[in-house]
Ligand SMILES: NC(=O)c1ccc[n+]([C@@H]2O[C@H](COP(=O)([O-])OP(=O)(O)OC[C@H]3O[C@@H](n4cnc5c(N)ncnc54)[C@H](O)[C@@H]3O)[C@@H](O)[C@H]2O)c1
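The chain below stands alone and is given as structure tokens, in the form predicted alone.
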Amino acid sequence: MTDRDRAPGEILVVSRQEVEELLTPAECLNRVLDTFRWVGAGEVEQTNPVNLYVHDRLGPEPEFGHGVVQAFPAMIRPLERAAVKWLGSYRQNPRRGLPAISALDLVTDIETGMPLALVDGTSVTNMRTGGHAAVGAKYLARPDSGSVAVIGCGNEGRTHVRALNELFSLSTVVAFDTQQGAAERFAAEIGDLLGVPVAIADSVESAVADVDIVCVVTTAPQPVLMEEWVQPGTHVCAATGFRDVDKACATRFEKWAVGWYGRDLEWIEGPEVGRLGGLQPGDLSAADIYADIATELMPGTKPGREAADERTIMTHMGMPALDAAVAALVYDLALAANAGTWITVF
């Protein structure tokens, strides 16, 4: 079936396995780059995520983590698509045999308002998170970067290093995880996939001692990467803000960049402070930020890395536009490959 052959209530369901088979790191990275450009050019309509806090995140953590259910809506005018991600997050869910994050993306045609596809949003989130980390590294890491440390050897650790491999000639990967088995599985998989040696470190400090780029992608509720461990010339990709990264990196490094002010100020000095991103009121402010990707680094109004010995960090909590744009890409890829399952909902 083509996009035009469908009946109004028919939508395409694209599973996690199909997303992972269809969406390559290169295609995802290109779409993420385009999305930052569109956001910077004002061609995207989006709200910040709607956060439904299941538990009081300012209180003690429940047994399976502070639950939050979120909606991420965005309309991408150049794609003529809109989408909303519906996400649930419980940090300790793996203890009861469930993923810490689960999500679905609903893709819609903006010309007619008709639903087009229901896409596994967890795999899209994993891929676009690695993608926006790579975009930050494109502007802030040394161009000759060849070694990466991955702290946290889960799905996003994998997508981070695969996305970075699209931009840099990686020759070495160092892995650390509190679960030795997870680190060993990561090392075997990434080593085979990228054809590079993957070493397993015995601590975070030793993992980051001699690398060009550090990716921190853990579920830890407290910092596991400390500022004093990061060597001159290193770039840090911080997937969860300053929840698992020392907030001193923001003020003691030469440059701290965010993805887009419109999203990231929410968890730095807005209503999400103390609930998402690890910061408490007054910890950091907009004045501490060097630049954002969408409106300053990408258009070139501010330079990225300017010296080989600069320490840099990029944080971005993920904006709805990224999920919408990548989910729309998955829908197009599924149509072209005759993949997915058609269902009738009305």
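Numbers follow the displayed sequence, beginning with 1. Computed from a predicted structure; not experimentally measured.
The same protein has a further form, the form predicted in complex with the ligand, not shown here; the description that follows concerns it.
Checked against the ligand in the model of the complex, the residues 92, 178, 102, 206 give one hit for a heavy atom within 4.5 Å, which is 178. Taking a 4.5 Å heavy atom cutoff to the ligand in the model of the complex, the contact residue among 182, 193, 199, 110 is 182. Within 4.5 Å of the ligand in the model of the complex, a heavy atom is found for every one of 125, 153 and 219. Within this chain, residue 243 lines the site of the ligand in the model of the complex, having a heavy atom no more than 4.5 Å away. Heavy atoms of residue 317 reach within 4.5 Å of the ligand in the model of the complex, making it an interface residue. Mapping the unseen interface onto this chain, residue 239 counts among the residues with a heavy atom inside 4.5 Å of the ligand in the model of the complex.
Although the partner is absent from this view, residue 132 contacts the ligand in the model of the complex, with a non-hydrogen atom inside 4.5 angstroms. Judged by heavy atoms within 4.5 Å of the ligand in the model of the complex, the contact stretch among the candidates 254-262, 227-235, 170-178, 137-145 is 170-178.
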